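Starting off, we have a lone chain in the form predicted alone, written out as structure tokens.
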């Protein structure tokens, strides 16, 4: 396993800028998805900047909490944003190395994703709302189904690269000849499937009835709290998409930390994110909604692909 190095001042600066850009672009990503949905439904729909207007409007409103809610309900929006920003800082999204390698280990990032889901679900239970509690239980069930797929696909890439550091894995995939092409392809397909679910897309979430599935825990939030929850959920979509791009499509990134190369890396990143969200939007609005009780039939297929990728790795394919 490769050892972690202390980040330089330029690396830390890039990590902070990268995370803040993700935070600023989170409403744009969710707004873009809403525009695709409206166009495919043959209706005008909201503009791509509508989510910014909604968030600014909510931030000016009074935050009201349920009478039975506690501290968990209050601090959860901040925990969601902070955990995703930490992962966002560590992702080798613009350069071939992680700009914040202290948090760039896949084990650390898996735990950060787990903290996000744990507090997101716990906030629904802490609200005292029966409806939010049902949404929280469904979110935890979905996590049990999808997290093994995501973890196994990432572990396969760590085994191929010989390290658990995201930066070294991304650099290995960008500069080295694929030593196990079939294992990489299967892991990539499984990871893409898991990322699609983590982004909260149909058939695993219903955009026209958000409170029924993934966003059930958000039911009791209002005002600034609801705005922060929306930012956190949108930020997660960007982070998981960039995680997939960093591991499986690590091309077009800056070779060093010079300003021209970094700026070009950001341009390439935005293009790749545009394509990812476009494909996700097209797929989401081309499939029918499925019953939640049938979700495990779909996720088992994704897990089977991940297991197949692991089998290919063991056989050297």
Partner chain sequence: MTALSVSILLYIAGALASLALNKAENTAIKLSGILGALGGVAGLFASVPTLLNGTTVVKQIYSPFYFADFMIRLDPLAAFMVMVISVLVVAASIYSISYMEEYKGKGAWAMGFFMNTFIASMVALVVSDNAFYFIVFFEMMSLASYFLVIAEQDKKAVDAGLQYFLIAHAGSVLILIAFYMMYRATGSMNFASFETLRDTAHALPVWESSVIFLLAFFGFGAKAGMIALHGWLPKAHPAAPSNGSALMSGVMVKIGVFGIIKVGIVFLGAQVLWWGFVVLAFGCVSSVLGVLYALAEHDIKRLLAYHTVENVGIILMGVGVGMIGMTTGHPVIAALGLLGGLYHLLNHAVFKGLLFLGAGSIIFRTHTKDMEKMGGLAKVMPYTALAFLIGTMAISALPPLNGFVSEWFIYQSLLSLSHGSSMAVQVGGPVAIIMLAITGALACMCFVKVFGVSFCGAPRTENAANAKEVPAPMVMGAWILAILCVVLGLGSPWIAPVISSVATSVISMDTVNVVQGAALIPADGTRAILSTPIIIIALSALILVPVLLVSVFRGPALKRRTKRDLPWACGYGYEGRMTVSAGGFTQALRSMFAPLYTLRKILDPAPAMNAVLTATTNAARKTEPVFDDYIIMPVSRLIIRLADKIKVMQHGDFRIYCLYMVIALLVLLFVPVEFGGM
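Since we're looking at a predicted model, the values are computed, not measured. Numbering follows the first chain given and starts at 1.
From this point on, the text means the form predicted in complex with its partner chain, which you will not see here.
Screening 189, 180, 152, 173 for any heavy atom within 4.5 Å of its partner chain in the model of the complex leaves a single hit, 152. For its partner chain in the model of the complex, the listed stretch (91-99, 243-251, 181-189, 224-232) containing residues with heavy atoms inside 4.5 Å is 224-232. Taken together, the three residues 61, 133 and 310 all come within 4.5 Å of its partner chain in the model of the complex, as judged by their closest heavy atom. Looking at residue 17, you'd find every heavy atom of it more than 4.5 angstroms from its partner chain in the model of the complex. Taking the partner from the other structure, its partner chain in the model of the complex has a heavy atom within 4.5 Å of a heavy atom of residue 56. At a distance threshold of 4.5 angstroms between non-hydrogen atoms, residue 165 is in contact with its partner chain in the model of the complex. In the model of the complex, its partner chain stays beyond 4.5 Å of every heavy atom belonging to residue 50.
Residues 119, 121, 122, 125, 126, 127, 128, 129, 130, 131, 133, 136, 137, 140, 141 are the members of 119-142 with a non-hydrogen atom no more than 4.5 angstroms from its partner chain in the model of the complex.
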